[in-house]
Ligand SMILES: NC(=O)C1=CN([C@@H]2O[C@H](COP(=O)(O)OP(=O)(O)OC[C@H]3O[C@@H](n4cnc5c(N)ncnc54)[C@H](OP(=O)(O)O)[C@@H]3O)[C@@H](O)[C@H]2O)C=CC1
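Heads up, the chain below is alone and in the form predicted on its own; it's given as structure tokens.
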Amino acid sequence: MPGEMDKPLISRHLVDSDGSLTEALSQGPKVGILGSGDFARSLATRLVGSGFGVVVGSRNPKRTAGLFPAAAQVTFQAEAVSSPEVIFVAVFREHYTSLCGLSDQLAGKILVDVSNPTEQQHLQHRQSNAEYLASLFPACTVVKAFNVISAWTLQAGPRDGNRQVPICSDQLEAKRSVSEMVRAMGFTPVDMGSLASAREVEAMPLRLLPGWKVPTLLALGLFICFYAYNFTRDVLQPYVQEGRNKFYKLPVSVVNTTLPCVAYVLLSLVYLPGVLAAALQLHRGTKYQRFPDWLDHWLQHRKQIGLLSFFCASLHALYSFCLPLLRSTRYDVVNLAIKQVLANKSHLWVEEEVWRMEIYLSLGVLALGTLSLLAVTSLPSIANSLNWREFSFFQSTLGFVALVLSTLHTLTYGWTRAFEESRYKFYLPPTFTLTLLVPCVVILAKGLFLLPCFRRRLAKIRRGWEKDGTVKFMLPVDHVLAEKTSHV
């Protein structure tokens, strides 16, 4: 968003270090910029580097000229808008009226509005910034663009940011001209329709991780539920029934018991919607019917749910490494040693417990390592370097392996504890028995779909076969839908 700063993000020497380059770029298609803030400087840098001649209009050109690349001409606003046909308006909404004196010079030109409102302004004004600009300059064609691109991305390049640039305008030719500029600058234009869509485009930068809201609330809800359950079993029960104070477990021990539960259930929730989608297709006998909205949204949030699962699992590993450092753990070791001496036992070794812990830790490390691969391949920079088969292998096959390893890790932790009466505190079952419910359903369902009778039928449905025996022509969007459900 355009802003007033005293210094540019990147030195002008990055652009004008070569004098011949400066001279050559100044002869390219001319583009005007109104404004001298941070975004205007970044925009000028990107335009110059993309082969455009840039004329910057400023109220004080002498003061701001040194902040722009040498290839950009910095002059007064009236002179800057005289020759270019495309003018970038890089000023805040409240300063639009200060440009009204340029109405005659701007008549017939394309004005590209790059501004963004604050959240309060967006709620206060029913009219978008671009529509307001169009009302002030009816003789101009206003195009909304570049408001979702940061000043840093403009200077560093599209590889370090989002490539897509939403564009909207009431005139098709103006959108085409701006789209060509967007491509020349290394970005990808996305046609959002008429200027009435500008309000929606301006709302995009105001959203704070919109795809993470539901998964985060889900993870937080699971954490609260499991934390309360573990608190009741491990802290409240000893205090009520035995009079022992174990509230010191709240900061670390109870948290560490809760985190793997959340990670494990979240991981199973990544693959459960795929199972439900496959079952629904088998029941319907076709893939040409839409999934229910709740299932479709669930499928779209699987990446975020998986990354949150990895986050919780990583925290669990870190907390576990810290357990030997706890003062309470040291006291427990000393007390155990004293009891061993008083009982006159020179050697305390339980073979079964040793093997259980060795297997338990090994499976946990393998599960976390596999989850790490899933998290890394979810990153756009890594995912874009993989073909579809490779991506499917990592996200589907290895993901299911991670779920199986996590299940074995949980079962090894529980061992025979689920059958011990002393483990049912307040008549509540051990926590790990609750976490096994959803993952076991997913694993059993996935195993069921591997049976030839179900696997072949599901494969035929995803290739266009229907119950009545006909095969429909598969459009690209249908192919994407089939792949979308086949790898989960």
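Note that residue numbering begins at 1 and tracks the sequence as displayed. Keep in mind the model is a prediction, meaning the values are calculated, not measured.
Missing here is the form predicted in complex with the ligand; even so, the following discussion is about that form.
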Inset, instruction - Answer with one of Arg284, His95, Arg389, His297: the residue that has a non-hydrogen atom within 4.5 Å of the ligand in the model of the complex. - result: His95
Inset, instruction - Find the only residue in Ser128, Thr141, Ser115, Gln155 having a heavy atom within 4.5 Å of the ligand in the model of the complex. - result: Ser115
Inset, instruction - Using heavy atoms and a 4.5 Å cut-off, decide whether Gly32, Ala80 and Gln105 all contact the ligand in the model of the complex. - result: no
Legend entry - Ala219: touches the ligand in the model of the complex, heavy atom cutoff 4.5 angstroms: no
Inset, instruction - Answer for Val165 alone: is it within 4.5 Å of the ligand in the model of the complex, judged on heavy atom distances? - result: no
Legend entry - 4.5 Å heavy atom contact, Val178 to the ligand in the model of the complex: no
Inset, instruction - Verify the contact flag for Arg455: yes if a non-hydrogen atom of it lies within 4.5 Å of a non-hydrogen atom of the ligand in the model of the complex, no if not. - result: no
Inset, instruction - Name the stretch, out of 169 to 177, 206 to 214, 145 to 153, 184 to 192, where some heavy atom lies within 4.5 Å of the ligand in the model of the complex. - result: 145 to 153
